[in-house]
Each structure stands twice: as structure tokens, then as C-alpha cells.
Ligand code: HEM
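Only one chain is shown below, in C-alpha cells, and it's the form predicted on its own.
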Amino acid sequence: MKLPPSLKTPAWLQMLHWIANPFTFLDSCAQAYGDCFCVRIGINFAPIVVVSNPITLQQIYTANPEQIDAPGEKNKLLGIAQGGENALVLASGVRHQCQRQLIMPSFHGERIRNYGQLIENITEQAICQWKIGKRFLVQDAMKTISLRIILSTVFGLEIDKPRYQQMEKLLISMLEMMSSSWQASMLFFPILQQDLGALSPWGRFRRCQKEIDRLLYAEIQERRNDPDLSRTDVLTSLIAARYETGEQMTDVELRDELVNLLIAGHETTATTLTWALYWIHKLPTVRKKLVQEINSLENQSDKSAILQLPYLNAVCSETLRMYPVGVVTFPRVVNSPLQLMDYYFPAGTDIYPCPYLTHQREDLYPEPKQFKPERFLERKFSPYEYLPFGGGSRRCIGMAFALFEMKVILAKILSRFQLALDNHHPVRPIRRTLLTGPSDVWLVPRSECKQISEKLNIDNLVITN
């Protein structure tokens, strides 16, 4: 048995390439070494093994935890970005299972379907500001929509209240501080995490976090003092929830979980929507098929029907396949020596499943660099062949909510406007904090879809602030 091959370039150079452009970094590694290799891109240049073979991924995700575990402390970068240690992604073992069981009901079944009208209303309120002939930056527009949805559905904040407006401003500011490769590098290099005052990058970041915490704790305290169980937001549900021991979540646990849900559910959704709108308008046949399918619905207000549209689902699936926002998923740690494929993995090895490279396999996805939604109509992929939300016990808890949100937003936008790309310059994936996303995508509203607008009764829709 042998160890997986290792990238030969200096560790610091590997890390810089990974931060600047993770997709080209992984493509070059896979071309040289195949579907299992070792690189040094962890904190302090720690070595990690990257795996993308579906059979091996199945072995990893279904392994006994005594042999391969998924400890939360390995997600240290998320803890640094969030400024908390009690979120689900940082929990391990029994604590992770208990927290997951407590949170999961808020993101499944009838609960998320009840958010459909709210998601549509927030989207309409944002896009009604678009002007015919005036271009807009898609990433910013989608971030506005997704942030408002998170603040309304998760935090339960009302859009016309001062606390909502303060929170929105602070969150946008905090996320912008980590929007470039250089700024994101602060999360990867501990030496850069120095608070040298309000004018230093890390100092500004931490002060912004503290202001967000102040608003969150004030909201939590008000909810505890004056509970209203008729509310449907996630915060209300978590305050009312109880562990099996009968204990409720502490204020600190609530804060950490809410910030985690914000980071996990805000920019990820905005980024995927930006990619989707880019491909839809770059490829006219895709847009034509999608608009025809949306327009074929007899009852446009039925959000469950939107959820079931096959071509819309295929477009969303292909978008997530091409450039998953999480290039690699949560790490697994080998607890006792084992063999996977032809390689030997000693105890202590950190293994990172890589959805991006799995999604680029020619044997699964012919012409993987081409955007082809039809591939998801022609066959069904296993959870180890298609895994944009991760897998196993660490699969994203908000997966169902994210997919529902994306479909409702896309259906609303495409029903409301005829859009076009402002130019046809190539759009490339770039680093955005811990995630990745497209470079600037600009769209121009050419006209409103009048006949569809009348069918949807958009002109008479009342948006409540």
C-alpha cells in the first residue's frame, strides 16, 4: 500500500494558488494526480488529502465514526469567520446530533413551504426597483434579496423596523470586508488576525461582529421576555425548542447558530442565483425552455407546483454542479489506519471530499465544462456522484430551503422581466471569502413580461413593509 501522491510545489505557493483561484488549483492537481492527492492548504499549511472518486466518497460517508469521523473542530475557519464556537458546523459527536435534531424541523416540509409567499414578496419588492434599459450588478441584487429573506425567515425581523435596517447594513459591511482574495486571506493566515484598532482590517471586522452581536442579543432577549408562538421564523422555533434533557438553547448558542445560518444561507444562495441567471441568459435555448415551463403553470401562486417543475430543477442542479459554492466539503479524520482505493491512510489523516472535482468527471458528466441542464433529465445521480450540499452526517441542513428559495426567486424574476446580458465577456469563478462565485455579471432589463404580469396579477400585488 502507498500514500496518495503529494503536490511538489512549496506549501506557501500552494496556499496562495488555493486562495486566489481554487478551481484552477484543483483542476491542475487532478490533471496531474487523478482523483486522490495530498496538498498543503490547511491552516498553517497543514497537509490534507483531497478525494473525488464517487466509490471512495461512499466509503467515507458511510464509514463507522470510530474509523472515519467528522469532528466539528476541523471547521475552524468557519468559527473564525463567525466569531462563535457553538454553531452546528462546529459541533461534534452527540452534541452535533442533538443540535441537528433541534434545528432540522425549521428547514423541512410544510415549514419551508409556508415561506413561499414571503420569498416571492421580498423578491418582487427588490426587482420592482429595476429600470428598463438600466443595467444592474446581479451579485449585488441577489445578495440583497437573499439577505432580506434570511433576516425575515430566520431572524424574524420586520423590514421597516430600525433593528432590521441596522442589521442589514452591518451584515453587508461585514461580508464586504471579506469579498476579495486578499481580504479572505485573513481567515487562512492567523498572523493576519491582528486587531490593531478600528482602522485595521481585522479590527474593523471584529468591531462589526460585535455590533451585530449587540443587536442579536437584544432581539433574543426581547423574544424571551415576550414570547409569541404564532410567529413562524426560525429564531422563535429555536427559542421554544428543547433538548431531550428539557434544557433550552442558551443565548450564546442561539447567537452562534443564527450567525451560522446567515453565513451559510445568504451569500451561498446569492452566488448560485447569480450563476443561474448568467447561464440562463447566456444560452437563449435554456431561457426559452425555462420561461415556457414557468408560464405553463395554471396556478402561478402554488409554490409547491414551482418546486416540482422538472426543467427549473435541472437548471438549478446544473448550476450547482458547475461551480458549487463549497469547493470542498467538511473534512473527515481517519481515526484508525485504513485503505481506500490503492492508497494507505494513517490515523490522523485529514480527508476533504471535493464536490467540484466529482462534478467535473467525464465519466459522469460528459463535456463537464458545458452548461447542460438536460443531463439531469436524462439520468439520476447518486448522492456520491452529485453532492453540492455535501454528504453524510454533515450534509447542509438548509438544502431543501435553499433549493425552494432559488426556484421561487428565479420563477418570479423570469416571469417579471425580459433580461439580457450587458455584454458577453467570459465570466470566471473567483474567491469570495471562504466561498467562490462568479466575477461581475451585469444584466439589463429589456422589457416587462406584460402578459405574464397580468396572469400573475403582479401589478396589483401589495408589498407590506
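In this text the structure is predicted, and so the values were computed from the model without any measurement. When you see a residue number, it is the position in the sequence shown, counting from 1.
What comes next is about the form predicted in complex with protoporphyrin IX containing FE, which does not appear here.
> Thinking of P4, P54 and T56 as one candidate spot, does protoporphyrin IX containing FE come within 4.5 Å of a heavy atom in every one of them in the predicted complex?
Verified in the predicted complex; spot residues all out of contact, no.
> Among 280-288, 326-334, 371-379, 194-202, which stretch has residues whose heavy atoms lie within 4.5 Å of protoporphyrin IX containing FE in the predicted complex?
The contacting stretch is 326-334.
> So, Q101 and protoporphyrin IX containing FE: in the predicted complex, are they within 4.5 Å at any heavy atom pair?
No, Q101 is distant from the partner.
> If you check in the predicted complex, is F417 within 4.5 Å of protoporphyrin IX containing FE, heavy atoms only?
No, F417 is distant from the partner.
> With the partner left out here, check for me: in the predicted complex, does some heavy atom of F37 sit within 4.5 Å of protoporphyrin IX containing FE?
Contact check for F37: no, nothing within 4.5 Å of protoporphyrin IX containing FE in the predicted complex.
> Is there a non-hydrogen atom of V50 within 4.5 angstroms of a non-hydrogen atom of protoporphyrin IX containing FE in the predicted complex?
V50 lies outside the contact set for protoporphyrin IX containing FE.
> May I ask you to choose, among Q139, T358, T349, T269, the residue with a heavy atom within 4.5 Å of protoporphyrin IX containing FE in the predicted complex?
In short, T269.
> Just give me the single entry in R95, R395, R207, R224 that has a non-hydrogen atom within 4.5 angstroms of protoporphyrin IX containing FE in the predicted complex.
Among R95, R395, R207, R224, a heavy atom within 4.5 Å of protoporphyrin IX containing FE in the predicted complex occurs only for R395.
> So which bits of 370-394 sit within 4.5 Å of protoporphyrin IX containing FE in the predicted complex, heavy atoms only?
Stretch hits, in order: P388, F389, G390, G391, S393, R394.
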